[in-house]
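What follows is one chain in structure tokens, specifically the form predicted alone.
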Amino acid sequence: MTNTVLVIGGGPAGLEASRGVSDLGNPVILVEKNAFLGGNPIAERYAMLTGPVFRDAEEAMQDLIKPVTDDSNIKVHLSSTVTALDGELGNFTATITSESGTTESVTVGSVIIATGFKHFDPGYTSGAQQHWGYYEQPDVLTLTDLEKMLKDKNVVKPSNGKVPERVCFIQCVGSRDRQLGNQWCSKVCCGIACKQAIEIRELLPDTRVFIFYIDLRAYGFWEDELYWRAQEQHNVNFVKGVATEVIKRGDKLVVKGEDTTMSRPMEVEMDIVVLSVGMEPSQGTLDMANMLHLPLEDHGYIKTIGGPLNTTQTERPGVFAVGAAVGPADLEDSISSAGAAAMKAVSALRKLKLSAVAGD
């Protein structure tokens, strides 16, 4: 048997898992499909961390990346994917294929899947009743589109380059939607909308900002640090309602729907509409589940055993899954589950070795 641990995915969860395993004394092989480490915060050019803190995302990610790249106990494969994995706890054989097509076979003792999530594509409307105008209207953005603007400190209407007078967020786009089959709450969208609303107000103090929500789900410290701060300190307007359609009228966008507080139709003009898109299982997550014959839970994420009492162990011994590979997760969830998986992956190998020594 070998005590090397394979970590698949170099985002926040994969980086933390790699560091945790190495700190416990086991060698790590980290495989990342991109040419860089850092996952979505780097790939999508996040301005700030996705949590109840205002800290530059790229700077913060270096706190996770540098300990991994500086650790001689961790071997990193960039622009690579795991294309085959067979065997059992203590003796898995993995095939790592690079972007150029070269392959390498490695033997590992346990596996941690940290393949993250993908953002919901609001241009996909099959079976949906909402018509958001994404792809048709350049001034209809997603949270990730706006995040790039905020990183560049250049929030303008894409259609004409002018500073917007009115910006709104539409919550639960691609989440909590049975018509689309995405019944789950994506957990972070309300908090991120509040954070971005604050950033807009700080950058453009004359711009009015609205958030249309079904019900605000700012849990834990997100409530105090983001929701109340946005409302009380930055005068962000929160409107309880359901937006169902975005249309063009002159050089404005018109948001139609229902103001559920007043029980009346709603029709308001905006310069920019931001769709708070939710999370879906990434293609990497689905590929790993298929390759390793791992069952998915009812929402399409990798199934773990034990419910809330065992959130990282899959049904295949020696294979663990973390972060958004097992369901919607914020950064804190991802880091916490990565630490738990690192401990469990190393523990499983040590127990196996002790069992072998004892002759069991």
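Note that residue numbering follows the sequence shown and begins at 1. Quantities reported herein were computed from a predicted structural model and do not represent experimental measurements.
Absent from the display: the form predicted together with another copy of the chain. The rest refers to it.
Can all three of Val106, His119 and Asp287 be found with a heavy atom no more than 4.5 Å from another copy of the chain in the model of the complex? No, because Val106, His119 and Asp287 lack any heavy atom that approaches another copy of the chain to within 4.5 Å in the model of the complex.
Quick check on His299: any heavy atom within 4.5 Å of another copy of the chain in the model of the complex? Residue-level check for His299: yes, a contact with another copy of the chain.
If you check in the model of the complex, is Glu315 within 4.5 Å of another copy of the chain, heavy atoms only? Glu315: no contact with another copy of the chain in the model of the complex.
Quick one: does Ile42 come within 4.5 Å of another copy of the chain in the model of the complex, counting heavy atoms only? No, Ile42 sits far enough from another copy of the chain in the model of the complex that none of its heavy atoms falls within 4.5 Å.
My question is simply whether Gly327 lines the interface with another copy of the chain in the model of the complex - judged by any non-hydrogen atom within 4.5 Å. So Gly327 counts as contacting another copy of the chain.
Heavy atoms, 4.5 Å, another copy of the chain in the model of the complex: which of 94 to 102, 247 to 255, 145 to 153, 182 to 190 makes the cut? Say which one. Checking each option against the 4.5 Å cut-off leaves 182 to 190.
Which residue, Val76, Leu216, Val236, Met270, is the contact with another copy of the chain in the model of the complex, using a 4.5 Å heavy atom cutoff? It is Leu216 that has a heavy atom within 4.5 Å of the partner.
Using a 4.5 Å cut on heavy atoms, which of Thr83, Thr260, Gln137, Thr207 is close to another copy of the chain in the model of the complex? Exactly one listed residue reaches within 4.5 Å, namely Thr260.
Sequence-ordered list of residues in 203 to 228 near another copy of the chain in the model of the complex, where near means a heavy atom within 4.5 Å: Sequence-ordered list: Tyr213, Asp215, Leu216, Arg217, Ala218, Tyr219, Gly220, Phe221, Glu223, Asp224, Glu225, Tyr227, Trp228.
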